[in-house]
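A single chain comes next, written as structure tokens; it is the form predicted alone.
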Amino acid sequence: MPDKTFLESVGRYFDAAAPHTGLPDGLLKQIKVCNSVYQIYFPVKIDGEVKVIEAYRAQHSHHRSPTKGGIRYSNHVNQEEVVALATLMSYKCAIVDVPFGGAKGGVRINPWEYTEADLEKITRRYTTELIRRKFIGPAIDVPAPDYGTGPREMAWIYDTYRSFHPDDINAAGCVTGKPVSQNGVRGRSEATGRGVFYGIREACNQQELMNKLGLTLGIEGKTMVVQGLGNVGSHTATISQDEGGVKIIGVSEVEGAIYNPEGLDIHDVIRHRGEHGSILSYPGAQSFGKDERRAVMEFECDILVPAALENQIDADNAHAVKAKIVAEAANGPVTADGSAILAERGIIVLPDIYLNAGGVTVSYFEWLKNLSHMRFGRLQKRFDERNYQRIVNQIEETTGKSISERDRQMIVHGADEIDLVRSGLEETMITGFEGIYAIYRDQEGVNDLRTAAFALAISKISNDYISLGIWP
């Protein structure tokens, strides 16, 4: 029977992995259920008329504190979606060893139908409701951006929280994804897309996987199609092209899709859309209109990156996917039925609970920065640069040779905040993949990376329940 909801798909993934953990049924049930859901209706006066706004905050698991998860603004927000996303956050944090429980929030509005002033009213009132019910705080629950929100909204949340808690010196840690000028961290805006790139790169560096797919080792030269040029999709595409040598051959957005097997300059595509309001007029590419935009799932390529919303590949179109690797940059873009079909066809799916964990990883770094009240790199940057300079000087003196000024600057450069953030993210994504791949490779009966990822997450959460005395 086809999945009816996103939450049902998440439940099926959990149930498929649970037998491979060896855990008792009671503990598995506790890990699976959502602990708390707060449904809110609040009034906001807009254009002289009072509108009642529907909103949610779900806290899936309190095995670690605080809970952590984004806030999305969308007409499609409902309780089941928010619970499903909060559930994925718990598993995502466990896989990449970020010490948070999973949470998620949603406000049922179309943000593009409101002015900036209206959105500020809605955001501040939503935050106030969370504060009143103790559903937000640096040690309680820490929101972040998601679909339809960004640094602007996070700054409003921070300011609202601070006005209620003027004596809390850690108030900046109540939310992440803030502008850098307001206690944010450098590298946060690109974090999810960069994490997707690192995850895809790790998969492409596995000889056994590439042999199975009939692909050469490494990410360089692979062809990629990206669905969605929002924050995640655009950064995934640009970083994959610039740092990985990937050829972007197709992209889609709300207005449609374009495809050119010879390759697209993704920077030029993004610039063109900014200037013309659409990708469909991009020169030299085959265009597919709004009604055909799901055709992007059927483009011939090595790597397909769904980076928009959930339920994009299902039982209806999974048979037509031509990619060798489906990299889930969005949350839940492949339904359980669609995933089963892809697995039968030998297509590797890099699961969302691992692949898009870059956002929460760098959010963790931002939270740590807020609690420590210190910019990363402040203590060691100049010290490292002086040491590296001494080493270069000694080598030049010993060899009697000198290097160019450009090379010198590259060698002696001390790590800035963004360098450390990117390094920490890269290490996190590499380690996370190693844990998943070890289960996929070595555990009998685990036939896909998603099941391996869920099994790893469930096992790590169970360890917390037992070691912390939460489970009797």
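Just so it is clear, the model here is predicted, and its values are computed rather than measured. Start at 1 with the first residue shown and count on from there.
The same protein has a further form, the form predicted together with ligand NAD, not shown here; the description that follows concerns it.
*Asks:* Exactly one residue in 98, 140, 309, 343 has a non-hydrogen atom within 4.5 Å of ligand NAD in the predicted complex; which is it?
*Replies:* None of the others qualify; the residue that does is 309.
*Asks:* Pick from 370, 356, 127, 335: which residue has any heavy atom within 4.5 angstroms of ligand NAD in the predicted complex?
*Replies:* Spelling it out, the residue with a heavy atom inside the cut-off is 356.
*Asks:* Can you pick the stretch from 119-127, 164-172, 197-205, 325-333 whose heavy atoms fall within 4.5 Å of ligand NAD in the predicted complex?
*Replies:* Result of the contact check: 325-333.
*Asks:* Report yes if any heavy atom of residue 108 sits within 4.5 Å of a heavy atom of ligand NAD in the predicted complex; otherwise report no.
*Replies:* So residue 108 does not count as contacting ligand NAD.
*Asks:* My question is simply whether residue 184 lines the interface with ligand NAD in the predicted complex - judged by any non-hydrogen atom within 4.5 Å.
*Replies:* Close contact is absent here: in the predicted complex, residue 184 is far from ligand NAD, nothing within 4.5 Å, heavy atoms only.
*Asks:* Is residue 147 one of the residues lying within 4.5 Å of ligand NAD in the predicted complex, judged by heavy atom distances?
*Replies:* Contact with ligand NAD, yes.
*Asks:* Taking the shortest heavy atom distance, is residue 87 within 4.5 Å of ligand NAD in the predicted complex?
*Replies:* No, no contact at 4.5 Å.
*Asks:* Where, within 181-197, is there a heavy atom within 4.5 Å of ligand NAD in the predicted complex? Residue list please.
*Replies:* Contacts from 181-197: 188, 192.
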